[in-house]
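The data below hold one chain only, encoded as structure tokens and taken in the form predicted on its own.
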């Protein structure tokens, strides 16, 4: 059985009818339960649950403190290349967009690594566009060899791989994995990915399972909010995370709830996801998966990120840059505009002011 088999149960599910029958009593029962099932989680995502956000927030905060303490794990992304052969209509790096394409050399990777490591961060997320030719597994392994000199944990957010390729990266020193399905609705997915290897919905959907079987230590999944009804995508993301945690109990599982940001190409998301919507999603997921991680990136503005710390967040990016070599080359074009431009030092000060401890390192590669 794969996650797709579980997802098929909800292919023709009438979400609107379910949400229409959700009562305040059902919401209260879900909030007070020790262990939520799938329908409890969906109940907390219902429009009616918006009236219970304070009660949800108190429960979510208590669970987060219980399982994670008052700490926020900090990391930053490093873009190795922006060559891409996909035509994802919402992405600044897609093949048809006119921008300067770039791929870092080992020397340039080291330059970026020195700049990042000087901030104190020891965990890094490396990203590439989806081009096997320009960003081969061998190239990524070579970059990991450079980065291991500066960082204790290296995660990847790249194109989907075969299981043996993930095994090769794990052997090279990669311990974390992130992949956004972008949108779990298969028909909408096909519309948003008209050409390129990323059009293969099932290959991407099954990638987290291949990575977990290959021995990855942490796995992070999510949907890009704004491409479809957020409640449905939040539900499917939660199901995916819970399935992975149940199937691979030794892997640390987390989610990201990224919202669309302005990017080269000017794609406008078809649905709006408000701050209240994002908060409800986070709170509902925390109650559904008390030990699941929640990553909030610099897509969100500083004021909101500060508020989200007490609502279930466990991991945040800091000192971010979405351009290839953007820390040493100010002319590079980013994948999307970031909203929170605070440095690592500024983020740490903010966390301390709220009574939280910034964590720069919680893992050491052998």
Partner chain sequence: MADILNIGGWELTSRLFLGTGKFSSNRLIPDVVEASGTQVVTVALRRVDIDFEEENIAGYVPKRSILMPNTSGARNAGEAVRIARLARAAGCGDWIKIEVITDNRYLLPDNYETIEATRILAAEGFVVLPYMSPDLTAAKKLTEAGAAAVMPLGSPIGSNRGLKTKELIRILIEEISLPIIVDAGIGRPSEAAEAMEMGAAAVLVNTAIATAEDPVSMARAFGQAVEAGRTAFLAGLGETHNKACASSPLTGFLRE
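Numbering follows the first chain given and starts at 1. None of the values given here were measured: they were computed from a predicted structure.
We do not show the form predicted in complex with its partner chain, though everything after this point is about it.
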Q: Could you work out which of 245, 237, 155, 228 is the residue within 4.5 angstroms of its partner chain in the predicted complex, going by heavy atoms?
A: 245
Q.
Counting any non-hydrogen atom inside 4.5 Å, which residue from 73, 83, 267, 189 sits next to its partner chain in the predicted complex?
A. 73
**Q.** Exercise: residue 168 in contact with its partner chain in the predicted complex, heavy atom 4.5 Å
**A.** no
Q: Although its partner chain is absent from this view, report whether residue 68 comes within 4.5 Å of it in the predicted complex, heavy atoms only.
A: yes
Q: State yes or no: in the predicted complex, is some non-hydrogen atom of residue 119 no more than 4.5 angstroms from a non-hydrogen atom of its partner chain?
A: yes
Q) Might residue 272 be said to contact its partner chain in the predicted complex, defining contact as any heavy atom within 4.5 Å? A) no
(Q) Only one of these stretches, 194 to 202, 125 to 133, 212 to 220, 105 to 113, has heavy atoms within 4.5 Å of its partner chain in the predicted complex; which one is it? (A) 212 to 220
Q) What are the residues of 24 to 53, in order along the chain, with a heavy atom within 4.5 Å of its partner chain in the predicted complex? A) 35
